[in-house]
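The chain below stands alone and is given in structure tokens; this is the form predicted on its own.
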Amino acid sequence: MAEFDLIAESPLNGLQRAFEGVTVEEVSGRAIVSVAFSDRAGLEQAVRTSLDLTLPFVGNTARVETRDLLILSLQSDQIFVLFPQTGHRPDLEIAEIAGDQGLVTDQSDGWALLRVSGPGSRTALERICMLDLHPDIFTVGAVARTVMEHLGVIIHRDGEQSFLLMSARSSAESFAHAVVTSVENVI
């Protein structure tokens, strides 16, 4: 029997770039679990019982600070749950919360996560994002699916001057290049 060790690698090898007014950095170590459901009321009751939390409406997020857990409400029948990855089966952790009210799938290895932050972050993202990112429109806590440079992206405004971006791992380098190039062109 062959002996070998598997070594986990993040999609962008720990990318960190600092510019004047903008930082672009890979976010790693986060589990991403999808929960699909047909009965919103049933899932909402399960979430309320397990987490003492109301399920956010589409386009919004909810955070459970005590568990460092973030719920992204992406569409009427699907949420994503992000939290620190501590084990090999994050889907089982979320299945305990959802009970029989949702179909749970581990998506952790399928996504690359970038945080773009700083005073120039919105300006840099507006060059490549089709959404209106004005603070009065895309408020802190907002989440949406969009396209940036022909790549599918989930964007979440996680702070006054901070955005969490999620894109497919298979095109992570192209995605990071597009974001970094946009920042370079506005500073």
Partner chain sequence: MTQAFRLAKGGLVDRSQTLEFRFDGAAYNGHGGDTLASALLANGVRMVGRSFKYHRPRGIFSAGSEEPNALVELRRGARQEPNTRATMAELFGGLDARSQNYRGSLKYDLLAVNDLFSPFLSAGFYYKTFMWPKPFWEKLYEPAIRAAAGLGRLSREPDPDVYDKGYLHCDILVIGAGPSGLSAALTAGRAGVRVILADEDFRIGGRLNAETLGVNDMAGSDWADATRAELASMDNVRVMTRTTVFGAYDHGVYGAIERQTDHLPHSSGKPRQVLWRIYTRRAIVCAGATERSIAFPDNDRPGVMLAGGVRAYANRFAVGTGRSVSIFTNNDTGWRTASDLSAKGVPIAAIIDTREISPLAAPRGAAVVMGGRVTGTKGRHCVRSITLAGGQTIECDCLAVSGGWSPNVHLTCHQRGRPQWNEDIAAFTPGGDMPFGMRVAGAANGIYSLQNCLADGRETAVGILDEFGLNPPADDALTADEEAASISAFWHVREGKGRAFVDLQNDVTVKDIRLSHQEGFRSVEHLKRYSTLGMATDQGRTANVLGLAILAQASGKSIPETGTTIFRPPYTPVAIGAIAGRSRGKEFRSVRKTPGHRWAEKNGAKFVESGLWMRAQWFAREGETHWRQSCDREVRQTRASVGICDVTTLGKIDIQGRDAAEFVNRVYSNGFAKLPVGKCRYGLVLREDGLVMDDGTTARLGENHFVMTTTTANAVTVFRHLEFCRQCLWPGLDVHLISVTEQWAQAAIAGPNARKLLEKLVDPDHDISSDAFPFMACGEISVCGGVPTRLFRISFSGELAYEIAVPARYGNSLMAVLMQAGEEFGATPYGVEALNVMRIEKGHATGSELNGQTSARDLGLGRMMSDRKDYIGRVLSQREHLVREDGLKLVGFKPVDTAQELKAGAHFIAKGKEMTTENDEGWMTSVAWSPNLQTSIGLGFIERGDSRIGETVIAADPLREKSIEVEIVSPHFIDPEGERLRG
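Bear in mind the structure is a predicted one, so any value in this text is a computation, not a measurement. Residue numbers count along the first chain shown, from 1.
One more form of this protein exists, namely the form predicted together with the partner chain; it is left out here, but the text below deals with it.
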- Message: I'd like to know if Arg169 sits close to the partner chain in the predicted bound form, meaning any non-hydrogen atom pair within 4.5 angstroms.
- Response: yes
- Message: Taking the partner chain as it sits in the predicted bound form, is Ser10 in contact with it (heavy atom to heavy atom, 4.5 Å or less)?
- Response: yes
- Message: Quick check on Glu160: any heavy atom within 4.5 Å of the partner chain in the predicted bound form?
- Response: no
- Item | Any non-hydrogen atom of Cys129 within 4.5 angstroms of the partner chain in the predicted bound form | yes
- Query: Heavy atom within 4.5 Å of the partner chain in the predicted bound form: which residues of 154-187 qualify?
  - Reply: Ala168, Arg169, Ser170, Ser171, Glu173, Ser174, His177, Ala178, Thr181, Ser182, Glu184, Asn185, Ile187
